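Next comes just one chain, in structure tokens: the form predicted alone.
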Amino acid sequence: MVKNVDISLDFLGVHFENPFVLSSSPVGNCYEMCAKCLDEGWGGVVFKTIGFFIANEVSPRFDNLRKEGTSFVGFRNLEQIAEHPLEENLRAIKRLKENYPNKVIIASIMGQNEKEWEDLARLVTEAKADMIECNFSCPQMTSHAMGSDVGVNPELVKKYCQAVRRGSKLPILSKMTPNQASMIPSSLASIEGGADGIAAINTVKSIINIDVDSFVPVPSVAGKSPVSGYSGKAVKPIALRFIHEIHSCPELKDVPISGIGGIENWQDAVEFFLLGAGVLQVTTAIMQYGYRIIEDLTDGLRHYLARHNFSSLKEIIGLATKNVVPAEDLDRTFVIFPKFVSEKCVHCGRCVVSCFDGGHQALTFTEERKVVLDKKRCVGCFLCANVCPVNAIEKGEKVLKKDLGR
């Protein structure tokens, strides 16, 4: 462990020994699962969403999207909220807090009307939860009075946050759906309604695979399948976009953000911190690799901070925000040409094919299969570097367009 590096975090007035918690999902569905994760070093848990509604789940309920030889890059699920009785879930939350007093226990709740939201807030407060997360974002609820259909309606979000505030004085997170053009209206409405912070993102509505023989989307449930939530590494770019949107909004700039979406390793985590997130939530990576990934997350984060001479996590939050600018503000006065590292090149020709068929026909092969660059045609797009399987293409000469006659 790296000494003199503090990865603890105070978030909404609650102290986290480290910033990594389970998100409200199948990975935190009961006392035993949450207890195991806390024993292995997670900073806290967001217990799987509870409510008066009892889910009647389907089988099978999971499927994934693969890329060549990789394990899944995207994950699709059909699960709703907790299928256990409300009383059992409340007992589990209370027991977790009693047995792990130094860990953070967050109760995720979802109601179908104002009274249910208020009652749920009161019940989880009595169960000694540290914080409440309002789930306005699950995309596969069978009731349109719940989930993402609520989250895209700022008026309902505000009203239900007000109800939760009436039922509890605990810190409140409002969990936003990415299934809208902008999170700003709903996020602002939640803060106006009494929420203290924003959690983003929940899963993305999707159909990821079709069985081309049976013509049925998968997972197939008796020959049918709905649109449902998509998670995993593939949604990280979407999550980062929304984290930046919230953090850079002037009206929300001081509102704490809990980041969610495609976090598999410490590098992913750092990207969320740099765009303004604080506490991070993880699900799909745990489903692939288990709770043990907490060691990579915490040790990697400590080493990263030490390597960059930071003494605490809070020093890096939001550092990258200023470097995300409108497209019209980018410097368009130069071209950077690719540099081909001959000792790494395996002469596969992928760069030549991609440049000709998908770029600007700027690359050719000699008889010795050496890559030749035509600078008159090259625009510096770096498609070639992106397809190179051995990272043999680097950034090279930077030239002003005016000097190239462009």
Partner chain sequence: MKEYLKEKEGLTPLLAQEEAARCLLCLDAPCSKACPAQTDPAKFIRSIRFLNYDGAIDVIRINNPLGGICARVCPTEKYCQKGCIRAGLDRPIDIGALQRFITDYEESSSYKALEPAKEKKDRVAIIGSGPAGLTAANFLARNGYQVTIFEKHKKAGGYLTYGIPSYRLPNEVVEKEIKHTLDLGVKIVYEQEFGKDISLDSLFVEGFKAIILATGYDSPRMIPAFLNNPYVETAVDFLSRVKNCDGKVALPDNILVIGGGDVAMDVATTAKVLGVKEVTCVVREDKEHLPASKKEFSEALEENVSVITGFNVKEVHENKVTFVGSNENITLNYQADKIVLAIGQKPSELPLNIEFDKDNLPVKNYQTEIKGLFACGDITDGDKTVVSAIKKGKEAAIEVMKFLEEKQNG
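What you see is a predicted model; the values in this text were computed from it and never measured. Numbering follows the first chain given and starts at 1.
Only in words, not in the display: the form predicted together with the partner chain, which the text now covers.
**Item:** Partner-proximal stretch of 24-32, 377-385, 39-47, 346-354 relative to the partner chain in the model of the complex, 4.5 angstroms, heavy atom
**Value:** Only one stretch qualifies here: 346-354.
**Prompt:** Should the three residues Arg66, Phe365 and Val390 be counted as contacting the partner chain in the model of the complex, with contact defined as a heavy atom within 4.5 Å for each?
**Reply:** Checking in the model of the complex: Arg66, Phe365 and Val390 are all within 4.5 Å of the partner chain.
**Prompt:** Taking heavy atoms only, is Arg369 within 4.5 angstroms of the partner chain in the model of the complex?
**Reply:** Contact check for Arg369: yes, within 4.5 Å of the partner chain in the model of the complex.
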